[in-house]
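Here we start with a single chain on its own, the form predicted on its own, put down as structure tokens.
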Amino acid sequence: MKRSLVLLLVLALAVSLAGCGTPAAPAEEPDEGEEPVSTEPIRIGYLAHITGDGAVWGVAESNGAKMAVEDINAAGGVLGRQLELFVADGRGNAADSVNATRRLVEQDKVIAVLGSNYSGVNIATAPIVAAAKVPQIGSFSTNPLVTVDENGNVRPWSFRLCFIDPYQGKVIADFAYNELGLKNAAVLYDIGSDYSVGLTEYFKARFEELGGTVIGTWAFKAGDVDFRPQLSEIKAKGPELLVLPNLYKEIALPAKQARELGMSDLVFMGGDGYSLTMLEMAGPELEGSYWTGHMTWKDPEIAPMKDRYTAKYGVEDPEYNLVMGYDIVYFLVDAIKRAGSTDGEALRNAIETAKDVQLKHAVITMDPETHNPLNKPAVIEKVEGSKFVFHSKYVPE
């Protein structure tokens, strides 16, 4: 019995050793600083205002981003990985946008936040993305404070693809004074909007520098619908030009009421807050007005996108935001490719040093000192026959 027991123990030990076999080699660890190879989708966030007053732009922008992601994934993705888009609704205000951005960076774990088109919103979300070390690229957020703080220091994690309000204010002033020959102007602006206040200041400074006279600025608060008190005072001053540096609702109503007060010869002009919707709201009262923008459907590079969007979403006259939503995804993809990584710091550096990136609507070189695109021309559109008609591309002197 003892001999049999010993034999069994020897056999058991032999089986046990055979089961262990040759010790497995340890899993290969990435070199220090090297990102582990992943096949998981690359998560990108889009902050768009798809409900509220800004929905006309936010829906177009987010749909444009979805089209870009579809195209990129169909072509094989980026770094061998597919893109996964998370759209968060900022609802057109800073409080909801801050919460939406927190969800994107903390819950959805996105590598970048694209959008939004509102300056005040992006100023509010700048500390959120900075703390998370996630770059944010604004679309049409034109206020300088989006990328540079009150002390003049660049916000390291905040960028944009549009030109800024000082430039836009200069375009309005130069075009009105030099091209239209208008010498006296008034401004009606939204005192609670960073965009509107900033554009007013930059227009006024440049127009007066050129030799023009700003007879006064009149303020209102968002949500106001009766502008007749301010317009009556403006009428008494007799300006040739009324600058409306506002969003579309606060353009259409004042224009309509100004005409009702008999200001038939007054020329309206404003920045990129306009929308096709305001033509429906104001009717023929905006005829002959001028607006600065970032692109035009006359551009053969973007014209096919309008037809594609109409076929896909059934919108006959889409907003230009769809083009920016599409382009901003491709701009990010270019940075991911150059970084060779989705690491936050590497991606931030690649965005900051972007040079001659060919997009549908423009060629973008990022200014590392301001995080704004360099030398981007403005488009002037005029309302004729109740439509926006391309007038010219304009670069102020």
Partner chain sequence: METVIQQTLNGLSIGSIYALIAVGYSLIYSILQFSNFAHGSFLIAGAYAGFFAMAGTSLPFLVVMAMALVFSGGVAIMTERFAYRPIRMRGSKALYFIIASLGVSIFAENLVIVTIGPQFRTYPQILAVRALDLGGISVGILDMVAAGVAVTFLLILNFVVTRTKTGMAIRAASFDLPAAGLMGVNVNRVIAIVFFIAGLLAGVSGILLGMKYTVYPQLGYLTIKAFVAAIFGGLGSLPGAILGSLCLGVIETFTAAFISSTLRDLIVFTTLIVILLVRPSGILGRYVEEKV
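Predicted, not measured: the structure shown is a model, and the values here were computed from it. Residue numbers count along the first chain shown, from 1.
In what follows, reference is made to the form predicted in complex with the partner chain, a form of this protein that is not presented.
**Student:** Taking the partner chain as it sits in the predicted bound form, is Asp226 near enough to touch it, meaning that at least one heavy atom pair lies within 4.5 angstroms?
**Tutor:** Answer yes; at least one heavy atom of Asp226 falls within 4.5 Å of the partner chain in the predicted bound form.
**Student:** Thr296 near the partner chain in the predicted bound form, any heavy atom under 4.5 Å?
**Tutor:** Output for Thr296 is no: heavy atoms all beyond 4.5 Å of the partner chain.
**Student:** According to a 4.5 angstroms non-hydrogen atom cut-off, is Lys235 in contact with the partner chain in the predicted bound form?
**Tutor:** Contact check for Lys235: yes, within 4.5 Å of the partner chain in the predicted bound form.
**Student:** Look up in the predicted bound form whether Met281 has a non-hydrogen atom within 4.5 angstroms of the partner chain, and give yes or no.
**Tutor:** Yes, Met281 sits close enough to the partner chain in the predicted bound form that at least one of its heavy atoms falls within 4.5 Å.
**Student:** Using a 4.5 Å cut on heavy atoms, which of Ala346, Ala55, Leu359, Met67 is close to the partner chain in the predicted bound form?
**Tutor:** Selected residue: Ala55.
**Student:** Among the candidate residues Arg102, Lys306, Lys256, Lys204, which is the single one with a non-hydrogen atom no more than 4.5 Å from the partner chain in the predicted bound form?
**Tutor:** Only one listed residue qualifies here, and that residue is Lys256.
**Student:** Let me test this: is every residue among Phe175, Asn246 and Tyr274 within 4.5 Å of the partner chain in the predicted bound form, going by heavy atom positions?
**Tutor:** No, none of the three is in contact.
**Student:** Can you pick the stretch from 142-150, 298-306, 123-131, 227-235 whose heavy atoms fall within 4.5 Å of the partner chain in the predicted bound form?
**Tutor:** The contacting stretch is 227-235.
**Student:** Judged by heavy atom distances of 4.5 Å or less, which residues of 179-213 approach the partner chain in the predicted bound form?
**Tutor:** Residue within 4.5 Å: Ile191 only.
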